[in-house]
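Presented as structure tokens, the chain that follows is alone, the form predicted on its own.
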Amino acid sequence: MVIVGGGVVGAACAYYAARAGLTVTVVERGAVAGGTTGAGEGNLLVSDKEPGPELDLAVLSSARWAELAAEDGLGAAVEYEPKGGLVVAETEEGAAGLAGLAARQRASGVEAVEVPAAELTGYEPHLAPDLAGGMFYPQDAQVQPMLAAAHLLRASGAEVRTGVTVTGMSRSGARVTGVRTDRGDLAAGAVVNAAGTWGGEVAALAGVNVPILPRRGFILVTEPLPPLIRHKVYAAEYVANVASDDEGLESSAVVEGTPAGTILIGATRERVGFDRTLSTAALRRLARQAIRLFPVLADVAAIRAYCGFRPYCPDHLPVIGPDPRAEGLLHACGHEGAGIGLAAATGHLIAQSLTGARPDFDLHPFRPDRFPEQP
């Protein structure tokens, strides 16, 4: 089989497919984790999703990531941190909304602990003192995404070909039987489209429509600091921004420390195509929102910023599974900003589909042919 894309989703597909006994080749036109994965924060979140198929997938993936972390020292290698997430509200209305969301999420297997305002500093001593309350999610975790992709690929034993661009699909009748590349053809019993933000372009090579658009996001990185922030902390507005269809700039603070001592501050969202122009307005807004949560950051230097492009689908659900319009083609893309967190479950489910096993999870909501065909 051939997997198109060397990000964390493609790497997870390779890992689970190889573990199921398949021979795997991964082709990547750039470097491993050189696209969206390399610009991510490494979020493994259940806290930011409304009840439904994506949350169910996230709960499954959270368990898979924990299993991966326990295998052969992989957890330390990818900087897996099961530190939990703290979602905070500035107003009583916001706190009530958090409580309502958590109540609905618990029915899907999510652990959520209500944190009164007076107890917030017990979780995070440097939080602003005037917040109205919060919710703690023990299942939220973090990895270093580039390390995760690299180590999953290494553990898979797959043949990895970087600097190779897929230019077309090989066929035998209606069936996809491999890929054509700028370095020659590769025959395969199956092809997995794990091309992230470019997944729509890869799908089009097979003559099928998978409408994936780029959604730009910026992240600020601070100077290295002594341990300051214990958990992944974000404002309640982040959940609404994730689900928004607006094209304009949206932002809500997501603040977390790293093993290296730097603090990552995200996250913005805007649909501007593949424009990488630095937006000082977006960065200023992120900085203000982070300082609102953690006033101590006002005197901390930001040493760099970077951006990436989330693979956005119109219904905010990823595309996972076999494509009935092109036999032999499977998709594992369109995860928007949740690809790192959902990668483990996606890879596991793709491997089950490839081997004919009954998937642990109903893939119908993620089916590739749910979108209207383009003329």
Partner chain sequence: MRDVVVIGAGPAGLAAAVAAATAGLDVALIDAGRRPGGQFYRHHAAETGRLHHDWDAFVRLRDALDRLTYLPGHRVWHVEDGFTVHALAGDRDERPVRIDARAVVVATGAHDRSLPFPGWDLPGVLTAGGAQALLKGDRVPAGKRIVVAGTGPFLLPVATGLARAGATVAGVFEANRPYGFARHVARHPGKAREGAGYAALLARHRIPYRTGHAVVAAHGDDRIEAVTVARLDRDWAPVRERVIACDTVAVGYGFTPQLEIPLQLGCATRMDADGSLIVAVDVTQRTSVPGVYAAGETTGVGGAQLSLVEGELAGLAVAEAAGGVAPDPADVQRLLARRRRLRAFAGAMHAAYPVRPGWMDRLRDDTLVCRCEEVTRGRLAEAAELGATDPRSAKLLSRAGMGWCQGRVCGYATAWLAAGVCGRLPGADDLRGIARRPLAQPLRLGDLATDDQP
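Just so we're clear, the structure is a prediction, and the values are computed from it rather than from any experiment. Residue numbers count along the first chain shown, from 1.
Omitted from view is the form predicted in complex with its partner chain, to which the following refers.
Interface residue remark: residue 32 is counted as part of the site for its partner chain in the predicted bound form, having a heavy atom within 4.5 Å. Its partner chain in the predicted bound form is approached by residue 223, whose closest heavy atom lies within 4.5 angstroms of it. Its partner chain in the predicted bound form comes within 4.5 Å of no heavy atom belonging to residue 53.
Although the partner is absent here, residue 287 sits close enough that one of its heavy atoms falls within 4.5 Å of its partner chain in the predicted bound form. The candidate spot formed by 150, 278 and 283 lies fully in contact with its partner chain in the predicted bound form, as each residue has a heavy atom within 4.5 Å of it. For its partner chain in the predicted bound form, the listed stretch (124-132, 297-305, 199-207, 106-114) containing residues with heavy atoms inside 4.5 Å is 297-305. Shown without its partner, this chain lists 144, 156, 268, 139 as candidates; in the predicted bound form, only 144 has a non-hydrogen atom within 4.5 angstroms of its partner chain. For the candidate set 252, 262, 181, 170, a heavy atom within 4.5 Å of its partner chain in the predicted bound form is found for exactly one residue, namely 262. Interface residues of 1-17, taken as those with a heavy atom within 4.5 Å of its partner chain in the predicted bound form (partner not displayed), are absent.
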